[in-house]
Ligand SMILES: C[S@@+](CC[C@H](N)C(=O)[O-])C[C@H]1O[C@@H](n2cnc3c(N)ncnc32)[C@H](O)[C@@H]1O
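The chain below stands alone and is given as structure tokens, in the form predicted on its own.
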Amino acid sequence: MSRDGSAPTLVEILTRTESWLRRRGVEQPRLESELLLSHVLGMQRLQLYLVHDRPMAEEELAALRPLVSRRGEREPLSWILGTRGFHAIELKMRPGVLDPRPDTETLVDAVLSQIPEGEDAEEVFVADIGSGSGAVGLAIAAARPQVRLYAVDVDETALAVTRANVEQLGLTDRVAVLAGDLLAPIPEARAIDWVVSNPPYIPTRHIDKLMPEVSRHEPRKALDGGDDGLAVIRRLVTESAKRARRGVALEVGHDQAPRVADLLRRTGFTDLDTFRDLGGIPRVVLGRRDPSG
């Protein structure tokens, strides 16, 4: 209630929520307060300010409080809202599935730069390994109608979310969702042109030092890359060298690009490129297969 005993207005609740989230270390408390309130009220963010002085009903406040509390515990916002905008698509999300970051859009753009546009382009078979919510592979498939996608993960929660996103995006005729480790679930007889992955690459000892959204909540097996962060990447590069006809593209940690490039080079990939994220960090390493080899 407001100090005079009346129901609090929308803008009062927005201001209180922003202050509460700021005290709990949320980096963008105003924006996230708007998103949480918009979600509860079924409004666009702009609409909040068009009706800023309207009183909030008790049932609306009751719906908002647990969501704000969860965010104050630093649970990822996408889990709370149930959605995440990524590249040019909207994804369904739920707790237990890696929250795709804007930096990972660099991986999508790197792969799209290698796949020509046009309705007459030949089919391209892409394997998204460790698909999580399906973000990377589905963004690629949505942007290129000739892409046929294998979305692979070991986690049943991730696979369920990927399936839901495949259906939501209308891609069921071009995407196979497969359970298993790395490339093993994709039959040997099936072609793979590009292997793409945002693999676990954080050194084990660093995970607990990350922001609470990651260290407390994100699925550890989607993060933990072993002692040096490259345990999964080494295995994936070795398998990709045997299967990928055109190349491989991997998201990597902030200081890992030279070592991953060396791994690719030593397993037969050539013509290597590194792509930087919006912060200027070398975020993606891409290696191609020599067609003559």
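What you see is a predicted model; the values in this text were computed from it and never measured. Residue positions are given as counts along the sequence shown, with the first one as 1.
Form predicted in complex with this ligand: not shown, discussed below.
Want to guess which of 128-136, 187-195, 109-117, 203-211 is within 4.5 Å of this ligand in the predicted complex, heavy atoms only? Selected range: 128-136.
Find out whether any non-hydrogen atom of Val154 is located within 4.5 angstroms of this ligand in the predicted complex, and reply yes or no. So Val154 counts as contacting this ligand.
State yes or no: in the predicted complex, is some non-hydrogen atom of Pro95 no more than 4.5 angstroms from a non-hydrogen atom of this ligand? Although this ligand is absent here, Pro95 would stay clear of it in the predicted complex, with no heavy atoms inside 4.5 Å.
Non-hydrogen atom contact Ala222 with this ligand in the predicted complex at 4.5 angstroms: Although this ligand is absent here, Ala222 would touch it in the predicted complex, with heavy atoms inside 4.5 Å.
Although this ligand is absent from this view, report whether Glu123 comes within 4.5 Å of it in the predicted complex, heavy atoms only. Heavy-atom contact with this ligand at 4.5 Å: absent for Glu123.
Heavy atom within 4.5 Å of this ligand in the predicted complex - the one residue of Leu182, Leu171, Leu77, Ile89 that qualifies: In short, Leu182.
Between this ligand and Ala142, Arg245 and Gly287, in the predicted complex, does every residue show a non-hydrogen atom at 4.5 Å or closer? No, the candidate spot makes no contact with this ligand.
Partner contacts for 80-116, taking this ligand in the predicted complex and a 4.5 Å heavy atom cut-off: Heavy-atom contacts within 4.5 Å come from Leu98, Pro100, Thr104.
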